[in-house]
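Same protein, same chain, two forms; see structure 1 and structure 2 below, as structure tokens.
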Structure 1
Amino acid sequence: MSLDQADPAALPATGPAPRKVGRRGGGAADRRVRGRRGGRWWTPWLFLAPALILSLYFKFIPMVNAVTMSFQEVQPYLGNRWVGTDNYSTVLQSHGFREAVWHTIVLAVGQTFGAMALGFALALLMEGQSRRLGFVRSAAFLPVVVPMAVVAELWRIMYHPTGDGMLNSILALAGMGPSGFINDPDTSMASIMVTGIWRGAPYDMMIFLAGLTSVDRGLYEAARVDGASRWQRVRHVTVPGLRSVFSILFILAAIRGLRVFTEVFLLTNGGPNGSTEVVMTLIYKLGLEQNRLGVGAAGAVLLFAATLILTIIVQLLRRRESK
């Protein structure tokens, strides 16, 4: 609250606000009334300014720069050279680009639905007020707060491809394996997907838990009275009640899935035999490892466009659904 607002003299007058009569004569008076009612119009902008300036400097200007760079051969010291759409051609024609797009989609879909399904199941199991549940929830949330580099190293150890590897020991108990996991082109994608689901599910779980509190308890009681089974209650009461949570999580998880990089980079770097190459690792190789920043920027712009289109489609679908 500003000092003006704290001053009793500046408090708005009681009763209905004077009606705006005409545009010409009422403008100044209207501003005064607005000023008295809500403080100066720029007060909220002042509070937002630090974040906006930081965003401008560290997000929006680099984004504009990236779009410009995507049409240039980037030579920071000699000066950039305009090359038109050559960088886009290089990315689109680069070896394995189509495969990388396909891998990204597969990974994004698998991780999104896997993490949502597991997160939902965990949320149903851990819903409630008990103190012990709070502890269990915190423990289940741990994968989210552990740095990705640590997660990747842990899973690398667990995925050790010989019979004495941790997961292979478990498979052996079931008479299966040993599997190569991330070292076998046939299983590497699924292995990375499992790591992503393991890490993403607790995050989804927390969002679901928050959403579950808004589901009307009375509906459960009514459904039980009507003879609905536990599964039917989940299907017909819980899931519809969490519709908005599902759509928000879907957007967040899908964007996260499309931008997948760290776990792939740390676990396989796109290998073996390109079986886990995703768009981001390809962009990284083209742009940063080979020092072709313009090409990297073109790839980043393409990925941004794909993410934007996906978000718009989901928003349109939501809007149509809500109508």
Structure 2
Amino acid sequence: MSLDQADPAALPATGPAPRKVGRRGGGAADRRVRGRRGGRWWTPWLFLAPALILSLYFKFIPMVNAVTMSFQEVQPYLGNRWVGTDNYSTVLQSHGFREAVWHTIVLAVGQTFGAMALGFALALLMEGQSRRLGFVRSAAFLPVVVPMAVVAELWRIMYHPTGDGMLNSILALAGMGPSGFINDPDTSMASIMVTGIWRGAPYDMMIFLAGLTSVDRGLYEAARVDGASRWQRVRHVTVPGLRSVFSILFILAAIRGLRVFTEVFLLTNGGPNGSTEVVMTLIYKLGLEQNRLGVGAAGAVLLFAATLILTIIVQLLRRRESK
């Protein structure tokens, strides 16, 4: 008997036949998928548009105008005159600008390493899951949330140079004489540096706390079994595990230090006798007080270039270490 003449009941059961999907349903599903992938691509940009427009108008367009102004003698209402690189020559040959650059570097280095060291120490002390530690972390983070103008006014009051000032009263208890702090050319830079470290350390602390969660706890247990002390565990386990965090914080803190302005402007305004004059306060005075907008723009471009070069160098060093 041939296969065509076989009894259907005698054939083995092969299960229900596959269900066919109509072309109408499949086409609708395909259209919905295509709509999600291609038809709505502009939706995220629609939400970002207000912020992008504001950034373009208040940040990027002024940056381009500043670069253009750095090559011009700006004369409001009279028309600008092209002077080439004369503004850059004026800035680079200025003794005041070189002193401001040196003060900026000293302040940036001191605040960067001081804030990172204090933030790392605070992170080690506050690491854990206790609720009390959560409250302490929030309290320690408050200096970052408080506006810089309020912080500067607070420290200006504490730095009162008389004997009954707050910090001078504490020094008197230790048998030390009163200090002029921000009113003394010898201590003004250190006083501003302490203010910057006090405000920047809690931010670094939070970054370090986030990085500590990625360090393998098994390494701590192995080091403890091998008889390593707490300092040795920190040195040989914690610090290598936070290498990427240190590099990121170094970039952020260095940029923050090079752009320091508010605390210097509110505490000393570059004084006394120019002992705390930094690049940002000098640019402000050149552009807005002396009305030399072209020279001030040239100084701003140089500061931006220095910050960009520093960032690129650190990134290249990071890539070399990762290889």
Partner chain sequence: MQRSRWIGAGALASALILTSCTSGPAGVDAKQNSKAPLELWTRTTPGGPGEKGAQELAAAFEKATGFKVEVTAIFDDFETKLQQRAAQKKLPDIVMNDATQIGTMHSQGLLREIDMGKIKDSAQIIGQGLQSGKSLDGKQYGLPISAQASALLIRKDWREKLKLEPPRTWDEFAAMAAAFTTQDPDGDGKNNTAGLAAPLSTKRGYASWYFSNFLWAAGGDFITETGKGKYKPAMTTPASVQAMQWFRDLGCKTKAIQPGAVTMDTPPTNETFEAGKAGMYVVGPYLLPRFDKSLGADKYEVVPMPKGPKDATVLAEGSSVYLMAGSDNRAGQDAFASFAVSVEGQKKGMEGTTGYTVQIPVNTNVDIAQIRTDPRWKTYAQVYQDSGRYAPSIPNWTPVRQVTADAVNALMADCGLDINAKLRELDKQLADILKEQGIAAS
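The term rigid core refers to the maximal set of C-alpha atoms that superpose within 1.5 Å between the two forms. Structure 1 provides the reference sequence; residues are numbered from 1 along it. Quick caveat, the model's predicted, so the values are computed rather than measured.
Trainee: Looking at both copies of this chain, which one is the form predicted together with its partner chain?
Mentor: Only structure 1 matches the form predicted together with its partner chain.
Trainee: If you could, name the hinge position out of H95, S179, T262, F58 for the rigid-part rotation between structure 1 and structure 2?
Mentor: Checking each of H95, S179, T262, F58, the hinge one is H95.
Trainee: Could you tell me the angle, in degrees, through which the smaller rigid part rotates relative to the larger one between structure 1 and structure 2?
Mentor: Treating the chain as two rigid parts, the smaller one turns 10 degrees between structure 1 and structure 2.
Trainee: Keeping the rigid core superposed, can you check how far the CA atom of A49 moves between structure 1 and structure 2, in angstrom?
Mentor: On core superposition, this C-alpha lies 5.1 Å from its counterpart.
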